[in-house]
Every structure is written in C-alpha cells, then in structure tokens.
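Let's start with one chain on its own, the form predicted on its own, as structure tokens.
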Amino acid sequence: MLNYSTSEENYIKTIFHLQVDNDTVTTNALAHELLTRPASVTDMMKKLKTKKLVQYQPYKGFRLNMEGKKVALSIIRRHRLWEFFLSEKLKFDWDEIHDVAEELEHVSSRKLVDKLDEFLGYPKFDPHGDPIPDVHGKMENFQRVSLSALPFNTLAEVCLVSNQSSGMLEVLRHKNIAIGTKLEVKKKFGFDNSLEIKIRQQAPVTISEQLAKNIFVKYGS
C-alpha cells in the first residue's frame, strides 16, 4: 500500500463517511465538511484520481473505488484502535479521545497497528460504539435503533453514539449515559418531543429530542 499525506488521508476518510448516506459525493459537500474551498477539493480529487483511489467526473461528483475504500478502512481502523487504547489503557475521557486519535491515525505502520490490535485483545468496537475494521477491513454489523424510536418500557442497551462532538459527549456524561448503559423510555412529551428515560438504579431524567436521535440502542434477542 502506498503512503499518503495527512491531507490526502483526511479527504479519503471523509469521502468514505459521506458515501454512507450519498453514493456520490459532491465537491460542495466535501468542501463544507472539511471547511475548505471547492477549488481545493477539485485539486485534491485530481490527485486522488491519478493515484487510482476515486472515480471522479467534474461537475458530477465522485466516489471511492475499491482501492480507495480499502485505504479509508485502514485509516478508520487506526483511528478507532487508538481511541480504544486512549480510553481503555490511558483512561482518557471519551470526549477527549477523538482529537488525539485524529493525530495518531496518520501513523501508518502496519506492524504497529497490528501489534496494537493484538495488545488490545482485538476489540470489535471503539469507545463510542463504532465498529473497528479488522485486518481485512471487515466490521461487525448489528441491528440498532435510535433511542427516539425505542418502544416505551423496553429495556435496551446503548451501543452507539452518532454525534461524537465534545459538546455532545459532555452532555451524555452529565446524564450518566455511556456505551453499555441500560435504560428504558418511560414517556414522550408532545410539546418538544423530549423523552423521560429511566436508567437502572437512578432517578428518571429528561433528555432532548436531538440528544435521543443521536443515541442508538439494541434490545431484544
């Protein structure tokens, strides 16, 4: 595998995430996500096309090809393993680990990453609940539902937080909600769609609709 610059890797990873919702990624969407100018995106797409990582047509959009996806998954694997290491071994708070992992993910030594994976016991998910790609780029897949859609009085377990901004994670910590937290939805308030939830051995708390939509849970068999 070729080595890529930090900037190239950031573009590749961002395209991968945007492709999840939109098969083709536009120049403007990528520029907005990376806080850069459309002209800079166009220049980078030409470079990535030369390196045979993207399928790109001016004015129509672009997407990662198979090789591009492979590179993206390797970057995501490094990022999520470092997040796990920072959280589990160095005891960073989960709202601190993302920015540090953003720096560490660009250390591309395959041997280091594989040794890190082995040292950590081959974790399947990072501290936010995102699946960690294995050495072949494969990830665990499981059924989950937004907390806002969880049926009332159904015991569920938090398994993913989709918005991983520091502000979001700070609110979750304040509400004592983390990956693995077991809870139930007791009531929805029609005025603003906020939810009353009950966490085991704690008094009920109210959370906003926005917060609930960013928390995903699993329940049932």
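Just so you know, these numbers come straight off a predicted model, no measurement behind them. Sequential numbering from 1, following the sequence displayed.
Absent from the display: the form predicted in complex with another copy of the chain. The rest refers to it.
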| query | finding |
| --- | --- |
| Another copy of the chain: the contacting residue among L73, L86, L147, I132 in the model of the complex [heavy atom, 4.5 Å] | L86 |
| Exercise: M139 in contact with another copy of the chain in the model of the complex, heavy atom 4.5 Å | no |
| 4.5 Å heavy atom contact, W82 to another copy of the chain in the model of the complex | yes |
| Non-hydrogen atom contact F92 with another copy of the chain in the model of the complex at 4.5 angstroms | yes |
| Distance check, Q143 to another copy of the chain in the model of the complex, heavy atom within 4.5 Å | no |
| Residues in 177 to 206 close to another copy of the chain in the model of the complex, defined by a heavy atom within 4.5 Å, in order | none |
